[in-house]
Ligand SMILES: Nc1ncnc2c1ncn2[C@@H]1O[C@H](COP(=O)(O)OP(=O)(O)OP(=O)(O)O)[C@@H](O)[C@H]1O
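To begin, one chain is listed below as C-alpha cells, in the form predicted on its own.
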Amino acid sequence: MTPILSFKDVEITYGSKPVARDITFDLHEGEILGLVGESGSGKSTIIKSAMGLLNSSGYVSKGEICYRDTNLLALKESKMRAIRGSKIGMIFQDPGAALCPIRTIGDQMLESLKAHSKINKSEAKEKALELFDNLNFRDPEKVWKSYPFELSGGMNQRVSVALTMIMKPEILLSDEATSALDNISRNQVIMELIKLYDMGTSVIFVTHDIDIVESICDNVLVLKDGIIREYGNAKEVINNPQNDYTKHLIHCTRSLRGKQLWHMAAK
C-alpha cells in the first residue's frame, strides 16, 4: 500500500546544527501514528517540517517529505498553502496558535472554508453548527458567536479540532494537543480526534502520554535527541520495548502516573 505521507532520510537543521537526523517513516491511510519522546527530542519539529512551518532559521537540509507522490519540500509556497488545511491539517498545543483572538469563531470557520471552496456564510454556519452538535458542544450557536477569550482553554482546543475537522483533511498532525488540558477536556479532545480518524483521516499524534498511545495508536515512533530509537506496532513497542531509552521512557512515565494516582487516592 502506498503511504499517504513519507519521511525519507530527513535531516532538519537550525542555523548550522542538525536537530533531527535520518528520520524515515511512513503514514498509511487509516493509521494513527504516535510520536513520543521527552521535551526537546524533535517531535514537534518533525511535524512542523511537513507543514512548512519551521521558523526562519529552521530548514530541511536533507531528504524528502512526500504527500502521496508529491515532495512537499519542492513546492512553491502558493502550492503548499493549497495543501495546508484542506489536505494536511494541524492542531497545536496552544490553541492561540490557530485562533485569532479578535475574531469570532464563526468568522474563522467561514474564512477557513472560503480559502478552499466556494461557500457563503449561511452555508458555512450550517456546516459548523452541525459539526458542533455532532461533537456534543453545549450551545453550538453561542460557540459560533463567541470570541476565543470568551471560551475556556479546553473549549478553545475543542474548537481548534472542529476547525480542522470541518476541512476534512486527509492527514491530521496533532502537536501535544492534550498536554495542557484537564482530564475531562483531554478526554473530550481525544474522542474528537478519534471521530476525525473515523472520517478517514490519518493521524500523527505527538504526545508524552504513553497510555494514550497504547489506547489509540496503531504504531509508535520513539525519538531521542532527534534520532529514531524505536518504531513499530504501538502495543508491541510499549509492552516489549527493545531499546534501552524506550524502556527508560516507559518506566518513568508509568512511575509518575502511579505517583499521581497514589496522591489522588490519598486525598
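Note that residue numbering begins at 1 and tracks the sequence as displayed. We call the rigid core whatever largest set of C-alpha positions still superposes within 1.5 Å between the two forms. Here the structure is a predicted model, which means the values were calculated and not measured.
This protein has a second form, the form predicted in complex with the ligand, left out of what is shown; the following refers to that one.
Proximity of G40 to the ligand in the model of the complex: non-hydrogen atoms within 4.5 Å are present. Taking non-hydrogen atoms only, Q93 approaches the ligand to within 4.5 angstroms in the model of the complex. Proximity of H208 to the ligand in the model of the complex: non-hydrogen atoms within 4.5 Å are present. Among residues of the shown chain, S44 is one whose heavy atoms approach the ligand to within 4.5 Å in the model of the complex.
Of the candidate stretches 213-221, 230-238, 49-57, 65-73, only 49-57 has residues with heavy atoms within 4.5 Å of the ligand in the model of the complex. Contact here is defined as any heavy atom lying within 4.5 Å of the ligand in the model of the complex, and by that definition each of Y14, V19 and E176 is a contact residue. Fitting the two forms on the rigid core leaves the C-alpha of D94 displaced by at least 2 angstroms between the shown form and the other one.
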